[in-house]
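Before any questions on how it binds or moves, here is one chain, the form predicted alone, in structure tokens.
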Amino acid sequence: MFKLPILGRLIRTVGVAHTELVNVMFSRGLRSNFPAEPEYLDIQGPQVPLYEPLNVQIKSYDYTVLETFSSYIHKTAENLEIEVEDCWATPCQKYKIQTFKPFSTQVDNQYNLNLYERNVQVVDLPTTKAPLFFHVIQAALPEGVRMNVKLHDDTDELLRYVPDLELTQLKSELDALGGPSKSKR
């Protein structure tokens, strides 16, 4: 039973039960030598992988519905403790739609449509929360709104700014005249 014969003789002479001795041994000195938990459990917890910055891109012909849904995405992300870095609107795309009379080239009706776009950039999205977040916003997606989730790209940053046509025209005229003058000081 015991590997140490002296300890076995001591137990028999004193009359201590085996379970009492084991309880005393583990409650006192042996606990410091045998830790109850491994050291790796004291680390801050499991490391959850994170997604790179993602753009939730929504498009619609109805401006008010798009604005409302954009704010809904932002609030949902905040409620799920997901960090929203930026939200922006891109310039609307204008389309001119014409319908023709049957079997002719005469215009029957003409429609001007504006396609609006909003982007919500989400950063440090944990892979454990991503499916829940996307399921919630997809379930609440209104009719007529298209949603696309993609990785952030530098071209997305360029599309959000409206080009200043007057400034580009002045720059091209300046280049045609010989470029900017260099003054010496």
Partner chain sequence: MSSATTSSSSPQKWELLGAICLERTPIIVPPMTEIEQQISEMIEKFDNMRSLKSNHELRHEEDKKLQKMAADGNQDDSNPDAATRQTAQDFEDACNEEFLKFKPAPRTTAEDLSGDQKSTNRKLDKHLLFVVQEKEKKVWKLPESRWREGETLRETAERALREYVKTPDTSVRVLGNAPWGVHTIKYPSSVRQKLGFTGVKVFFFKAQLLSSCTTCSDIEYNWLGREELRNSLEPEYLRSVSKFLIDED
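A quick note: this is a predicted structure, and the numbers were derived from the prediction, not measured. Positions refer to the first chain, counted from 1.
Below, we turn to the form predicted together with its partner chain, even though it does not appear here.
S.K.: If the cut-off is 4.5 angstroms on heavy atoms, which of these, Val48, Leu151, Leu132, Leu158, is the one near its partner chain in the predicted complex?
M.R.: The residue from Val48, Leu151, Leu132, Leu158 that makes the contact is Leu132.
S.K.: Is there a heavy atom of Pro53 no more than 4.5 Å from a heavy atom of its partner chain in the predicted complex?
M.R.: Taking the distances in the predicted complex, the answer for Pro53 is no, it never comes within 4.5 Å of its partner chain.
S.K.: Going by a heavy atom distance of 4.5 Å, is Asn109 a contact of its partner chain in the predicted complex?
M.R.: Yes - in the predicted complex, heavy atoms of Asn109 and its partner chain come within 4.5 Å of each other.
S.K.: Taking 4.5 angstroms as the cut-off for heavy atoms, does Pro142 touch its partner chain in the predicted complex?
M.R.: Answer yes; at least one heavy atom of Pro142 falls within 4.5 Å of its partner chain in the predicted complex.
S.K.: Is there a heavy atom of Gln138 lying 4.5 Å or less from a heavy atom of its partner chain in the predicted complex?
M.R.: Result yes; Gln138 sits at the interface with its partner chain in the predicted complex.
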